[in-house]
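This document starts with one chain, in the form predicted alone, laid out as C-alpha cells.
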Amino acid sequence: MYEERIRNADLRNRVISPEEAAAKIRSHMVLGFSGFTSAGYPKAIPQAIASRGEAQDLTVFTGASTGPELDGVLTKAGLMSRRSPFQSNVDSRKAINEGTVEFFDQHLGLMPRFIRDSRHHHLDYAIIECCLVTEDGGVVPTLCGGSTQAMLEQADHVLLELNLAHSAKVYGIHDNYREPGIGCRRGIPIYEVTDRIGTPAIPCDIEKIKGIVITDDFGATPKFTPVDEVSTAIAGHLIDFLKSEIAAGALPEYLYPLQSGVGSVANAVLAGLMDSGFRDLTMYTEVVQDSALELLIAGRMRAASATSLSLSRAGLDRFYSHLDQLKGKIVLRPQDISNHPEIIRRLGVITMNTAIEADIYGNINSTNIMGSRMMNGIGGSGDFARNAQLSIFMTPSTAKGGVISSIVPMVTHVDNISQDVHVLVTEYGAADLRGKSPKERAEIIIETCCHPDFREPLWAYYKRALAESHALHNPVCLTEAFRWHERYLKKGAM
C-alpha cells in the first residue's frame, strides 16, 4: 500500500495517474528530471508525456544519464529539443548527432549551480522519483541524489513518482546538503568519506507538489559486459602501479579514497581489487557500481560516498538483501557535493576514469568520436581529474575490433588536458606521466601503452614531428596529426 509511503495526509489526496500528470506538461516547458546513470529516474510520467505527444520543444535537464523510458521515449516522440548534461541512450545520441536535439555538455558537478542560476532556463516542472514523502513534504529519493535538490528548490511545480519497487528503508542513506553560495566563507565540512552534514530527506514546499504518481518498476538497469582479457590486464597494470606507489611511500597501504567512472572497464577494474590484497578501502565518487558493491559486502571496502547507486538488476537484488549491512557504509549526496573540488582535494582522491582516446602527449578525449560524434558527455571526469591526488585514465589500446587505435598522434577533441592526466593505462602497461615534458610523455606512452600494430606508425609520426615541427617543446606535424582519423572515416580503418 502506498499510503504509508506518503506520511502527509493532505498529499495523499494528490495521487493522480501518469496521464493526468502528463496533461500538465505544455510545449516549450523546461523540465528537470531526477536520475543519474540509470538510477533514480522517473519512468511512468515521461512515457505518458510521450504517449500524449502534445508537448513539443521540451528542454530536458537531468542529473546524468537516464533510461529508455525517459530519454528514449521523449526522443522518439520528437518532443525533446534540448538536453543536458549527460546521456547514454541510443535514440538520444542519434538525435544529437543528427542535429535534431541540441545538447549542452556540462561538468556534472556544476549542474546544480546551473539549475539554480535561472537566467538561462528556469524550470517549469521538477519530475522526481522517490520512495517516501515525509510528514512535512520532504522528498526521499530512491538510489540517486544527482541534481534533485536543486530541481526541487528551483522548479515552479513538482510532480513525484513514488516508486514502490524501492524499499522505504532507503530513508537515511541520503545526505542532502546545499553547496554554500558564492562569497560564503563557510567551507563544506566533510573530512571523512562517511561524514554526514545534511538531511535524509530533501525539503520541498508542499504547495508546489501538483501530483504524485504511484509506480512499481525498477526500469532499465545497467548491463555490464563480462570481465575479459583486456579489462583484466588493465586492472592488473593499475593494481601493480598502486602497489609500487605504496612501496615507494607515496601512498598509504589502505590507499586514499577512490573515484571510478562508469562503464564496463571501470567496473572490471574495481572487480580486480577484490583479490588484490588491499583492505580498508574507501570511495569518494559519483557512482557505486556492482563491483564496488561487492567490495563493500565482502568487507574489502569499509565505506563509499557517491551520488548514485547504478546497479544491474542482480546488483539491486544484492543491495536490498544486504541493506541493513550497507546502510551505515554508503552515503548518497547531491552531485555538486559528490563532485566538489574542495572535498576531492581535501580527501586526496585517487581518480580512475575511462577515455575514448588519448594522444601521445596525454590529452584525453572522453566525448566526441572522430571529433564530431557525441558519445555520452564529459560526466564527472573533469571534476575529479583536475582536483585529484592521483589522476588515472584507462582505455583499451584499440577499438572496433582493432581497426582504431585508442592512442593517436593528436586527439580530435580535448576534454581532459594533459596537465590533469598523471597516469595512462591500457592492457599493455601503465605510463606514469608525472613530471614529464611533452616529448618524454610521447615516448613513454608509445612504448608502454600503444598496441603493437600501431606502435611503429606512432614512432614514425613522432619522428616526423620532431623533424618538421616549428618548435620542439610539443612537436606536432600539423599536416599529419589527424590523418589517422581521416583514413578511418574514408576507409574504415586507421
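All residue numbers are counted from 1 along the displayed sequence. All figures in this text were calculated on a predicted structure; none of them were measured in a lab.
From this point on, the text means the form predicted together with another copy of the chain, which you will not see here.
Undergrad: Can you pick the one in Tyr320, Tyr171, Phe218, Phe104 that has a heavy atom within 4.5 Å of another copy of the chain in the predicted bound form?
TA: By the 4.5 Å criterion, the partner-contacting residue is Phe104.
Undergrad: With another copy of the chain left out here, work out from 231-239, 388-396, 199-207, 156-164 which stretch has heavy atoms within 4.5 Å of it in the predicted bound form.
TA: Of the options given, it is 388-396.
Undergrad: Decide whether Gly99 counts as a contact residue for another copy of the chain in the predicted bound form under a heavy atom distance cut-off of 4.5 Å.
TA: Residue-level check for Gly99: yes, a contact with another copy of the chain.
Undergrad: Using the partner position in the predicted bound form, report whether Gly371 sits within 4.5 Å of another copy of the chain, counting heavy atoms only.
TA: Yes.
Undergrad: Check Ala248 for me: does it contact another copy of the chain in the predicted bound form (non-hydrogen atoms, 4.5 angstroms)?
TA: Ala248: contacts another copy of the chain in the predicted bound form.
Undergrad: Taking the shortest heavy atom distance, is Asp420 within 4.5 Å of another copy of the chain in the predicted bound form?
TA: Although another copy of the chain is absent here, Asp420 would touch it in the predicted bound form, with heavy atoms inside 4.5 Å.
Undergrad: So which bits of 433-461 sit within 4.5 Å of another copy of the chain in the predicted bound form, heavy atoms only?
TA: Result: Arg434, Gly435, Lys436, Ser437, Pro438, Lys439, Glu440, Arg441.
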